[in-house]
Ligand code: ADP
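First, one chain by itself: the form predicted on its own, in structure tokens.
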């Protein structure tokens, strides 16, 4: 298998002359086996290797003792490992690992709330000398390390009396091994003059922005200057500035060029007197909010442009985005075009369909529903009507992607909760019409910086107001010992005729302990409150079962729904007014906000009770308590982004887009805005990137286009 890979060139002395694109296995010390392991972590070429950046630096120039440690100090020190303890967390199978270290001056503990990798703790032996690198924190009144780097003492490494780069360890490769591999690869790269011509940033951009060259930055970041330790450890060195700028610049150039490409496409121009739209709006039993009206104007302007709309509507739970999508479909109907709304679940599709019938069917708009449950005979008739142009609006799940679904003149594609669909699915739906307008909706409020980097090719409309009559949800954070009174309060609400949810977390996809907890608690709660009608919902159930339970709950056949996090976004149960969330500290704030939005959808005063576990650190307590202070989804999203990073908003499918190697969306916002400005300037002046100084940008964008993130 490896024999098909390209071999590196050799000089006269049979020394390999590495190139940036050379497969990493040809670096001395790697080889085929480690090469395959590295490839799984995205390190496939020599360039990938030298762009494994240090996550921090340690200063070896002065020794330090445990008794001299100070709060918030980042240290590198030798110590002796006394013991490793594994402490269970409550009734779950989660554990805290506590490692005791000592030196001649005292003792300190290191805590790990997760396992860095399989076998991490098993490798340690009692009374072994190790090096610990980490930040000193205060935990319940004593100084500790949390998740420090613990490394075997390597005699060769210990000889380095300098500022040392620290790399993220992974199974089979230590920080010191990373350092050796990277430095060896760099030394060979620098011997090949052709490599030194490489720089993704054009000279003109570097000069205007005051940035150093690519290889100067790469070399300095792996060989930090002794007298610049603080600059490097705080990511403020010229090397950091340059490499952070480059990551943002290339992403923004990609998104901007994609946007420009879309603007060159043509689509039918919307031509109408707007009477139908005005009649629909006038017939609504409520007034549209200013945010909804602004969104309708944005969409109408897009339809008038002659180019396909590519717009994101983001707004808080219950802000009325779906109605805006319906009005966009009405505008399409006025021009005799068809629209399609794709949603992630059958229950949501059914809800949208019923609402569309309620608001639109009296105006001569033909609406159809297509899900996995649609009968074969109904499908045949639907497909015929769709192909004949007799269906104005199709609402459905993934079923709308089937090859049999053929439109006569699809001109508007709407995707609800778009992060739940893959790139290929979105592309397949758009391909069912000639350059259709494209509208994306999400109920997850996304911070501005994240919106720029993930949806930079889309125009963004934000709906901030909630429809009149939506009652604020009273939120309270409590600890496990107050669970009893909280359950009594839940029962009081049920006795008043209301319904409620109790939600349990999914800690990791590989650990289904949420299922065990939910089922155990479900049985316990049924025994505690036998007079209440209980239902259970979890991820291992078949979609049909989940559907049936949610419908029955909505129809008031159950009082309390005990669930894992599978409660569907956007499903309306107006009578449900109380949400209890167990182990709230394990959720991201945006997820808590989404769950909280399941209640408060009717006329009744609503409540959300966040129950924290016993072993909760200060940061988690602060996060969960923030939910008591704010009901503004955007404010919560900004706070959550600072604490947990971008993956919280995007899920695993898209978070790779913003998994930068060195840039940080929070700390480096100023660089992001500057890089965006320069990227737009370059692409505007040279849309085809034909200039010689833009050759490396073009090469990067072509590679990126092949793995287009949609």
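Quantities reported herein were computed from a predicted structural model and do not represent experimental measurements. Residue numbers count along the first chain shown, from 1.
A second form of this protein, the form predicted in complex with this ligand, is not displayed here; the remarks below concern that form.
Taking the partner from elsewhere, residue 206 is found to have every heavy atom lying beyond 4.5 Å of this ligand in the predicted complex.
When contacts are judged by a 4.5 Å heavy atom cut-off, residue 239 does not count as touching this ligand in the predicted complex. Using a 4.5 Å cutoff between non-hydrogen atoms, residue 289 counts as a contact of this ligand in the predicted complex. Within 4.5 Å of some heavy atom of this ligand in the predicted complex lies at least one heavy atom of residue 322. Figure note: of the listed segments 264 to 272, 309 to 317, 630 to 638, 192 to 200, the one touching this ligand in the predicted complex, with heavy atoms no more than 4.5 Å away, is 309 to 317. This chain is displayed alone, yet in the predicted complex one of 467, 497, 485, 88 has a heavy atom within 4.5 Å of this ligand; that residue is 467. Taking a 4.5 Å heavy atom cutoff to this ligand in the predicted complex, the contact residue among 548, 384, 572, 520 is 572. Taking a 4.5 Å heavy atom cutoff to this ligand in the predicted complex, the one contacting residue in 596 to 610 is 601.
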